[in-house]
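In the form predicted on its own, a lone chain appears below as structure tokens.
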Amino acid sequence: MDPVTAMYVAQGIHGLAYGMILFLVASGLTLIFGMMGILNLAHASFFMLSAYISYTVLQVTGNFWLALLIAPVVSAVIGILMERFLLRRVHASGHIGELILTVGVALVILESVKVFWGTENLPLPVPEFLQGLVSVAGLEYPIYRLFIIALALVLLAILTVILYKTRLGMVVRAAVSDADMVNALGVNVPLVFMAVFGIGTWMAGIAGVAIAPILTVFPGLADQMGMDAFMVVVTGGFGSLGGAFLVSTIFGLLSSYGVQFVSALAPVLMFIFMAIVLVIKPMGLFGERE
């Protein structure tokens, strides 16, 4: 394979890896925002918090798999507690109450990580067994980036099966459409929504652990990822996992190839794509009018 083609393919792999991280964050946000109607502006903060927790777990145990297990679960538990004791109390007041509350939670998380971990960048090494390159069709790819892509695809498959092939998924989708009717049938709708919120923050936590060895962990991590994730949800369509996956992939490739070929425009390429989509389909690619 000639060097030019190899460069294109390598940039594509880098773009896909970022796109899959973006999907892991955006998929949780689309579950919470699109299905539950909760405007959770603290979502990316759970992503950042999980990255910090994974740093501590790795410092203590040196075990990447343990960090991948513990950090997202801790983030999910905190998210569930936030939904149960805070968001549920303001949900009836509409999106303004949710916005104010979740912005406040995001600020608390930000200041907490500064207190516990400081403001310095905290680099995490790529796990030893995922270091190096692997040769495929004459090209060498970073093993860790391929791992991220595979991880996102596996989680997409699991979520799709749960939401569309299981009774739990049927209950969740029914509760989104008509919560009062589902509640009348004896289903504990608040518990279902709490579980969905937990899954959403768990997905953000997975992304936080996965991105930590690629980017250094720092207090601005939530701001860096939060806007991109929100744009994915809006462009793909609220509540659509397929839309989140497709748009995350496109955004990742736009970011990678944009930096390589049109660096001056790279920061706005995703905004341009989102604007074009919303002009044509105001509800997003896979969004539906209520």
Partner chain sequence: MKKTVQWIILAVAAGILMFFPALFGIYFTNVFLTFVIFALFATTLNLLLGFTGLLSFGHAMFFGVGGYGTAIALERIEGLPLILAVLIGVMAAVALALILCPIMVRVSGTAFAMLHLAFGQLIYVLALKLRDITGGEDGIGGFDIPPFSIPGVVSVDMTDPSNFYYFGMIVLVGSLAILWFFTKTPFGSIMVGIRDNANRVDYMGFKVPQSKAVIYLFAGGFAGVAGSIYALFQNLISASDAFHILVSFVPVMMTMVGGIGSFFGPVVGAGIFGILEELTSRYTEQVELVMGLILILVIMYAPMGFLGIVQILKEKWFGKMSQQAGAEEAS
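Computed from a prediction, not measured in an experiment: that's the story for all the values here. Residue numbers count along the first chain shown, from 1.
From this point on, the text means the form predicted together with the partner chain, which you will not see here.
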| property | result |
| --- | --- |
| Distance check, residue 158 to the partner chain in the model of the complex, heavy atom within 4.5 Å | no |
| Residue 33: touches the partner chain in the model of the complex, heavy atom cutoff 4.5 angstroms | yes |
| Residue 230 within 4.5 Å of the partner chain in the model of the complex, heavy atoms | yes |
| 4.5 Å heavy atom contact, residue 258 to the partner chain in the model of the complex | no |
| 246, 68, 39, 253 - the one with a heavy atom within 4.5 Å of the partner chain in the model of the complex | 39 |
| Among the candidates 134, 162, 81, 107, the residue which, in the model of the complex, approaches the partner chain to within 4.5 Å (heavy atoms) | 107 |
| Interface segment, criterion being heavy atoms within 4.5 Å of the partner chain in the model of the complex, picked from 83-91, 150-158, 191-199, 125-133 | 83-91 |
| Triplet 95, 112 and 274 all within 4.5 Å of the partner chain in the model of the complex via a heavy atom | yes |
